[in-house]
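Here we start with a single chain on its own, the form predicted alone, put down as structure tokens.
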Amino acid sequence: MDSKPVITLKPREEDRLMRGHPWVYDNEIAAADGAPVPGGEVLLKSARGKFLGSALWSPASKIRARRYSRLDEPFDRSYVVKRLREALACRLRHRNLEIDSMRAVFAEADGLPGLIVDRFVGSHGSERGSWLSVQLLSRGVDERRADILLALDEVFAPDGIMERSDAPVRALEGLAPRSGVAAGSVPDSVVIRENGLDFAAHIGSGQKTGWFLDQRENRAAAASYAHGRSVLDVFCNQGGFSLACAASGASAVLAVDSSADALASVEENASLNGLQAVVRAKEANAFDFLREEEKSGRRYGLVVLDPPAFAKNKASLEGAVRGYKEINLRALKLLEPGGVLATFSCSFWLSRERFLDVLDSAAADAGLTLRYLEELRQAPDHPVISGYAESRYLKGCIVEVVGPR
């Protein structure tokens, strides 16, 4: 066990790891013995010498070590294949491998720290196939890129692998951005199926890995309230909520986003599904748009709010809370009597309790009473792991306006 470098924690700093959290921060370390190298394997021990597991070392990051196993075992190609097969088996319990696109690997939640893999099943032209979109976001997995790509090919046998390691978080690991085809051939756009609808996932150029798979079930849930209603979808991105609502019988859908590229995707996806007569796209800043709509007196039967993460870190939380409060307050004021709001936050730093408090506070300021219809979370292929709060990041609510307070 002692052949690898050993990281010894300060007294009582092991409590979080004992509960299941995978990270060791720089200020929790008492000593590093044995000259650990960037991306290398290290063993973790408590101040009293208790073995805590194996981790990958990242000297440039505040997250200095990321535990991948509670055992003393190497992070090699064999280990990656084992974890990939376990992750796939987990997804197959609630997904159809032949037709469903899915998040195939969710980093620490699947024992592969810093590795994100989305699997897209669909068509490009007349060809049908499967492709992987991969992010290597930590020093440990970046150092093992070649082995990881071979393991992904062995387990998933994709037609191609696109690397999208261009997220800003790589800079915190001392890594430069990298993006491009890593194996096989990958079309820029693949038409995937979700909730009975076709969507063009831009694997090579879309945000993050090309499509936000974590909202699949939530799009269906929100759309179940859309029949016969006028719908406003703010921060619409590529139109997942908009198209789901239109297909469920919405009388009209207005999709709003500040990105012209996203709105072009909305129009493309509306055309793919023959819904272009129902869905209209509008380029606008969400905050400005909501203020102007409120002034205009226009009302909607269903409003969807799916903003990006306003809180990127703890320091930005209070400002983010104000932002969430404002958009929810203005959205509530745009609802007709009996209207429905589907609202979300993907900020880990905004807790479920704080999110619900923001919504209650917005309702109070709007002078409205809300009925909570559904509380939502990320899709099951983005697993939540006990002891690792960061794996529980997406929260949402569907509420109905009951009447004035």
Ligand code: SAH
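Residue numbers here begin at 1 and follow the sequence given. Bear in mind that the values here come from a model prediction, so they are computed numbers and not experimental data.
Same protein, other form: the form predicted in complex with ligand SAH, not shown, and the subject of what follows.
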Sort through 301, 307, 323, 160 and report the residue having a heavy atom within 4.5 Å of ligand SAH in the model of the complex.
307
From 251, 271, 258, 123: within 4.5 Å of ligand SAH in the model of the complex by heavy atoms is 258
In the model of the complex, which of the stretches 182-190, 128-136, 211-219, 68-76 has residues with heavy atoms within 4.5 Å of ligand SAH?
211-219
Full three-residue contact with ligand SAH in the model of the complex, heavy atom 4.5 Å, for 235, 241 and 286
yes
